[in-house]
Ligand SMILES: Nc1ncnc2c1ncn2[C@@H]1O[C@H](COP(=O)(O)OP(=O)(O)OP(=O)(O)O)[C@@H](O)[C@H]1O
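A lone chain, given as structure tokens: the form predicted alone.
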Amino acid sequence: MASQERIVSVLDIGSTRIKVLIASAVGESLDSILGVGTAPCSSLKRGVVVDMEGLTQAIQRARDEAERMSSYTVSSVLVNVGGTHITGLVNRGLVTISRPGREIQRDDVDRVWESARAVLLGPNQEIIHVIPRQYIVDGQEGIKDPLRMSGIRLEFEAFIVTGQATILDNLRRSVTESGLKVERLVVEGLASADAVLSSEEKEIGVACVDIGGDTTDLAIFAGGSLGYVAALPIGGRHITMDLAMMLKTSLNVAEELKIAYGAVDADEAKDFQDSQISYSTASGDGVLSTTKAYISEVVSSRVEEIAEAVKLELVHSGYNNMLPAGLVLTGGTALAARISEKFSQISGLRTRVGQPNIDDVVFSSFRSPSFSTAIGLLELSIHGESSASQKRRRPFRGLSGLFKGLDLFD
């Protein structure tokens, strides 16, 4: 029997832009991206909602645009969450198998999961994810599925991701007031990692570094499972703001200059030394000029700060010497020229820029690091517990040229 098509939708809440994606899935595979909506947003600071009304309105604008394009009505979404309040820890649960025959059954697995979840949390902490690492039966480690095995002592090791409950509540409330239901929250670093990392990289050891607007999210994998998460209070918007201030231009112009010339080492590119470029003033009523080398110098120094912060966090995590696959950079700032070389130089690890693993030519517009979180959310929605439900409004077919000319990536 052919797999039935279903519709999934996700909400990517970024520091500078909101994205809503609506897609169709067949079985466990992404079939088509039917609609995308974006809206600028400045209502979050380091993952914390600072303007609920502004965020709600931005979500509504992005949702409306995606609905018009796709001809579907969105009712519930997977939503990303980030910020420095996100933390992770490893915990174990333990239960005894007392039934005759000592066969491990589903209720035993459920009990040991609940045991692992019983973490002593602070009064304002909430569990977001309980991610399996391994089962242990009578001291035998590395078991993936203990069902129907015989044993007396069943343990479950999990990586538990938590966040500040009030921050999560404010995020949910903003989404709910926009007319959407939050299907579940997904930590931003995990969503991005799902889009850009291979299973082989996760197995041998890799760190996904998602450079967002206000924060840089770190997710470290080893042995095929998540081992560490962190969010650093520095991101691409800090680079853009510094550049805009020094060049006396707008944030939009500074962002374009950052991506085009930002991380190129001027001493390794002699043509940058005297290459003049012109750009508009912050007010837009005048023209200024500078050299590519100056832009490179300003941006490179800020990129180095982010790379140094990541390096210190890797040392703190204990995984610094356990990452044969190195670093995978993603997020909009990963588009900056030669940024991988900068990170590799500072961290001492092999580094590449990661983009969503999308093969179909139809989806080529979304093969960008700036869409990693959104595409990762789609994949997790497809493979997750339940899909977002939508109501079909009218037939729609044809994707050729659909996304051309859209302002998707700023």
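For every residue, the number given is its place in the sequence shown, counted from 1. Treat the numbers as computed from the prediction; the structure is a model and nothing was measured.
If you look for the form predicted in complex with the ligand, you will not find it shown, but the lines that follow are about it.
The closest non-hydrogen atom of Gly213 lies within 4.5 Å of the ligand in the predicted complex. Contact between Glu255 and the ligand in the predicted complex is found at the 4.5 Å heavy atom cutoff. Taking the partner from elsewhere, Leu329 is found to have every heavy atom lying beyond 4.5 Å of the ligand in the predicted complex. Ala336 belongs to the set of residues with a heavy atom inside 4.5 Å of the ligand in the predicted complex. Only one of the listed residues (Val112, Ile128, Ile259, Leu180) places a non-hydrogen atom within 4.5 angstroms of the ligand in the predicted complex, and that residue is Ile259. Note on contacts: among Lys292, His85, Arg237, Arg302, the single residue with a heavy atom within 4.5 Å of the ligand in the predicted complex is Arg237. Contact with the ligand, judged by heavy atoms within 4.5 Å in the predicted complex, is confined among 163 to 171, 135 to 143, 204 to 212, 279 to 287 to 204 to 212.
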